[in-house]
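Here's a solo chain for you in structure tokens, the form predicted alone.
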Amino acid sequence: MNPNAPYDVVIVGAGVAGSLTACRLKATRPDARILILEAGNNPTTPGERAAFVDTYQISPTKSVPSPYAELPNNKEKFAPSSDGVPDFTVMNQYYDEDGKLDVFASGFQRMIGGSTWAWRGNTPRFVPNDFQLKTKYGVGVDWPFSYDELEPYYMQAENELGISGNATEWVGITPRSGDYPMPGMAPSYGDELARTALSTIKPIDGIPVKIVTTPQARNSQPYRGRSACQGNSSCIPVCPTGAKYDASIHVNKARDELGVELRTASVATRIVPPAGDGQPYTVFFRDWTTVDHAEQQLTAKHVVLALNAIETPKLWLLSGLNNSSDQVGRNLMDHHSAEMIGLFGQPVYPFRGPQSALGVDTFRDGDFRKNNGAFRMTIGNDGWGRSGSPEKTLQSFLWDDTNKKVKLLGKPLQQAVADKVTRMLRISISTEQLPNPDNRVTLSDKTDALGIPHPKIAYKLDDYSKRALAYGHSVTRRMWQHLEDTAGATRIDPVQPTLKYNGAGHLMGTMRMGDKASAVVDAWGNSHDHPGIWIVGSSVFPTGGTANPTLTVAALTLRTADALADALATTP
């Protein structure tokens, strides 16, 4: 084969969307010459996982990016990652945000395997009405196809990622044509206590508070050569054993079993469309391991952008590609999360098992969506989550910072910590946001170590989202009131809604699918303006619903890969 001949497909990005695309294409078109171009350069071996865990364990911050902060692309500012959690690393300086507006509080990991290294692994499906929000409730937009059309791909995605779940618990929420590959994760001791206490709560605003086992990309039993979850409760930011799915699994499969080429440390800088009919696209990139970081190039008949909702529009804008709908970079969305914490009436002994195994999914749809966003809820198994770690609890008992003196030592200190940490419980909400064309990604004047512009973000929380946070607080507060009345819960916080939010790490929108006048890609992820360019990932979501997006990303990716495989059959 002529090494200078165009690739059939170049995939930019080795996360879950890029690696699934590669595997699906190669399985369907084994003769296709496919390359994955990836900005990160981390190994994907068990040894590297152990190194991430070691870095995390000695990190003073224990933040989301802490296991990955020492990767050269982050440390040396080549293709740096971003994360919304306060940290001393350079990663928080990656976004150029307009301080006059609200904060876009979610980041990502730029590495082989992408952000799946650091996700919690929750994989609920979208509910059917998420696909027709405009038709049903008069807000947002409709997707160009229905839940029923995506359902077969949901099934395939659940098998690829390895999802544990209990199908019977989801009857009436998300229709299914088959069972999950594995039984659901076993609830922890504290989960069972919380579920039992909430089993007697009456419907809230007519909606039942039904607790279900959250589907998860986490092995409840050995699956495809990986062990069952060992219950380390560090799913975010890193799974020590690999029981939780991350995209390095499909990267390794694509490279080692299917013959897909993988070029790492290579940051795509621009894409140039064909000069004429029958000509290939040209993909330019810089390899940050070279001395001069000189721009290099290769060609491809088809280009797949498998980046996230920040990097995909950034690369598109850097390339100066056509933007006839004026939607490139617009409609940036996230799920806004908030926690309500308290002390259960008896020890729940958190941190034994995954960080969450149970949730409430009955508030993800209803007529209230005409007025405010829906939300899904999780019952935490990680103490007070982001609101207070055991380490901070220890410090609060040990040291009086106001008077600068020791408070407790010895047995009294042990007893105080044991009494509080063992009873910590959180209930969290993750709320829906509507697409807003003014929430957008553009290019900053600031540049990274390769001279590539940072993303500039304009972002504002609308009233629909604020009302979702307020309603979510109201429902959660009533659940906690029930726990106070029946299970002796105390120390509930916050009692009043604050509208403070965290990013859920669910970057969505910016390259949405739909018709040519109002969207960047069609229903199959194919660019309206450049037919050889395909986009996979959550950037194509027209709306964001309330489900953690990765499973839907995987289902859409398989659907797009099938369409691209068909296109390859007719590409000269």
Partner chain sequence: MSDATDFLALSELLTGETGLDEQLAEAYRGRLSDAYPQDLPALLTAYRAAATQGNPLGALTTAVNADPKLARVTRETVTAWYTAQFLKPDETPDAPATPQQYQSGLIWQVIKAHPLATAPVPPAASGYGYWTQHP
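It should be emphasised that the depicted structure is a prediction, and the values quoted were computed from it without experimental measurement. Numbering follows the first chain given and starts at 1.
Only in words, not in the display: the form predicted in complex with the partner chain, which the text now covers.
Look at 249 to 257, 117 to 125, 295 to 303, 227 to 235: in the model of the complex, residues with non-hydrogen atoms within 4.5 angstroms of the partner chain sit in 227 to 235.
Although the partner is absent here, Trp524 is not a contact residue: none of its heavy atoms lies within 4.5 angstroms of the partner chain in the model of the complex. Among heavy atoms of Ser63, none comes within 4.5 Å of the partner chain in the model of the complex. In the model of the complex, the partner chain sits within 4.5 Å of a heavy atom of Leu394. Mapping the unseen interface onto this chain, Ser188 counts among the residues with a heavy atom inside 4.5 Å of the partner chain in the model of the complex. Shown without its partner, this chain lists Asn74, Thr312, Ser220, Gln433 as candidates; in the model of the complex, only Ser220 has a non-hydrogen atom within 4.5 angstroms of the partner chain. Proximity to the partner chain in the model of the complex, taken as a non-hydrogen atom within 4.5 angstroms, holds for one residue of Thr44, Ser59, Ser538, Asn41, which is Ser59. For the stretch 410 to 425, the set of residues having any non-hydrogen atom within 4.5 angstroms of the partner chain in the model of the complex comprises Gly410, Lys411, Leu413, Gln414, Val417, Ala418, Val421, Thr422, in sequence order.
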